[in-house]
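Given next, in structure tokens, is a single chain: the form predicted alone.
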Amino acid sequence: MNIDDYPKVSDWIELRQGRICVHSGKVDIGQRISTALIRIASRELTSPADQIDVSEVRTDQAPDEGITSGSNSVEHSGRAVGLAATTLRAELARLAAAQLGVDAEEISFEDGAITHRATNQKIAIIDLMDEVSPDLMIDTKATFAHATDVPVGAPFMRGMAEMVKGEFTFVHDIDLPEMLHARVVRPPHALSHLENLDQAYVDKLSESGMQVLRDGSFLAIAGPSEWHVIQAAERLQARCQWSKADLPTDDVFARLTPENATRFNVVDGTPQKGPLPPTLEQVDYSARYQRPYQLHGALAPSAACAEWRDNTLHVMSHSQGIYPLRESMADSLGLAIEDVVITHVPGSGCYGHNGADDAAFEAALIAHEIPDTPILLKWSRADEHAWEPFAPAMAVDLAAKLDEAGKITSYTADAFSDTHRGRPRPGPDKAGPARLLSNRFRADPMDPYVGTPNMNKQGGMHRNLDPIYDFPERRLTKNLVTGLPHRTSALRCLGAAANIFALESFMDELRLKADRDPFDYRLSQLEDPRSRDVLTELQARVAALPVPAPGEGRGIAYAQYKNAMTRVGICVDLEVTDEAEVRLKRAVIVADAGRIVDRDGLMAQLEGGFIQGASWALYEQVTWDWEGIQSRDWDSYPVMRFGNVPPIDVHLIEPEGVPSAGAGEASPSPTIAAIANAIFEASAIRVRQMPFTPEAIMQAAMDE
């Protein structure tokens, strides 16, 4: 849904209280899409950025752009806002010319004003916008002005000053009159259900002003004091009797095999129904690469605020998909879609489908039972780590035939995982409600959602399965394995993280087998000129770096996200200590994201992506036993800390005349591979399963 569904300029840009207001259905989760949209409108209208606002994203007033995901915001919303601004500019020029009695060709735009060049008469843009018809249609064939010399003000990020001062209102900080705080009392794990609870204690809580709500095995407490609610929830949990059931503890990777999978041939990045092509009878080299279940690692646990008033459910959530969430929430509660209004309010730190949707639905369940009262529900750290949808465990089997020079002539790749598509998207048979956690536990429980094959191009586990390199023959297979122990969904990069880790590690292993330079080996099998420019620029910058010392290693990797978005080359220098600990020394990133809208934002995305990719590579892994999830805090689920973040040098290539490309998920995947390759250079140990902990490195050394 984009311009076709919202074809008017006023759907995207309007005058509001004397200021230019930009509308978007894409939410800002720290990727600076608000900044980018302001800059796009500023360039097209030549209005100062500080005169432009971005409206809040709310389901009853913003364009429905689905889910903010896939690094599509600048390409989708940015294009719509750019075309709306360009159309508006042409209309403003026409109106100004008519008002001044001159030809439109004699009009120029500068610093938020329209000027008649011959007489220097000026009209402020905002003074003319009231005369623009609200029914003005976007000219989809308009040509962007987007002059790079248009001043857009100093670098900025919306809300940054308030965040630094501690004044920013995250969803967790909402404080409304008569508001109640709420917590959910949870079972030991997803296979447990509530059999009995201490009614005497429930009565005692009610006498103290607490409200206990039970819907089957969904159990929650609400009250005016957050701390008292937390204490009561802990005590009530201890007084509950839960059904006995064990989580499966067998080796997940052993189940990621063709025999357990629904299989599809992947052609040009798209799964195909029908028979699979024959396997390679003989291969010269093969390897398997594995990624464990991993968390989103949101800085703050999920939260939401909900209120049922005037027969309408009002929800404030940091979900990245408030429109599909609205539909699934309405379906779950038997409400009309228009009776649910969701407003996006930022949470602290998340990419992907964490617990935000589930927390919003839980707040809604409670609010629906306590009308006319705002309910602020927060998850605990243990809630987030144990109950959010995980990134699925994934395995990638690669094999190749080589020519006499060691180049790949035939290539086969099999990707195995559960679904990466667990967001509450509406669908047949209540597919949306089935994806909401608490619907599993209500009095009329829904069976856990079973993933269906994602057949979209570059979707799910097959994202970046198709190599960017020019291999003459390739056989690519998507293998969906369901019935695994944990609920899974989208985490930043989806399948690209494992697929690029596998491909770029494989390329490094093959270049060593052929005794080739890592850059030359890749360039010899890569025709795309822009990709070659990125690798060549990285090669030149790496050549100027100090030679790694003994015990240190240097690794490189290259990727183009979805084979269509930002191109990224990464070099990592690191040390492997005597205790097999990995210490990152430096990183160099070269990227081509096309036309750059927000340089600082782009660099921040690439740097942040590197840090997250390094954290996945070195530290992160969900652990569990038969009793439940064990990795419930930052000690049992460690993430990258400041002490191991290296200096990161980012260099941007901006070719002329090319559109902007999505960059939010471009750097994590090659980061993983570059680190793996550098570990081999430093230690002669090849690690093929994340995370590359000291124990994993020592185990890999023993296995060789």
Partner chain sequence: MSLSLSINGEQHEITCDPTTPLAYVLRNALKLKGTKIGCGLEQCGACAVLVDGEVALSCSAAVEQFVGKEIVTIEGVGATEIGARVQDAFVAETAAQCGYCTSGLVVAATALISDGRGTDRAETVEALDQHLCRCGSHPRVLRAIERAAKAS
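None of the values given here were measured: they were computed from a predicted structure. Positions refer to the first chain, counted from 1.
The protein also exists as the form predicted together with the partner chain; that form is not presented, and the subsequent description refers to it.
- Item | Selected contact from His172, His486, Lys401, Arg511, since only one has a non-hydrogen atom within 4.5 angstroms of the partner chain in the predicted bound form | Selected option: His172.
- Task: Could you work out which of Ser348, Thr412, Gln539, Thr373 is the residue within 4.5 angstroms of the partner chain in the predicted bound form, going by heavy atoms?
- Result: Result of the distance check: Ser348.
- Query: Hey, of 172-180, 459-467, 310-318, 100-108, which bit sits against the partner chain in the predicted bound form at 4.5 Å between non-hydrogen atoms?
  - Reply: That would be 172-180.
- Within a 4.5 Å heavy atom cut-off, is Ser615 in contact with the partner chain in the predicted bound form? Yes, contact at 4.5 Å.
- Does His296 reach the partner chain in the predicted bound form, with heavy atoms at most 4.5 Å apart? Yes, His296 lies within 4.5 Å of the partner chain in the predicted bound form.
- Should Gly657 be classed as touching the partner chain in the predicted bound form when contacts are defined as heavy atoms within 4.5 Å? The answer is no: Gly657 has no heavy atom within 4.5 Å of the partner chain.
- Query: Is there a heavy atom of His228 no more than 4.5 Å from a heavy atom of the partner chain in the predicted bound form?
  - Reply: Within the cut-off, so yes.
- Select from 584-617 the residues with a non-hydrogen atom within 4.5 Å of the partner chain in the predicted bound form and write them out in sequence order. Heavy-atom contacts to the partner chain in the predicted bound form: Asp600, Met603, Ala604, Gln605, Glu607, Gly608, Ile611, Gln612, Ser615.
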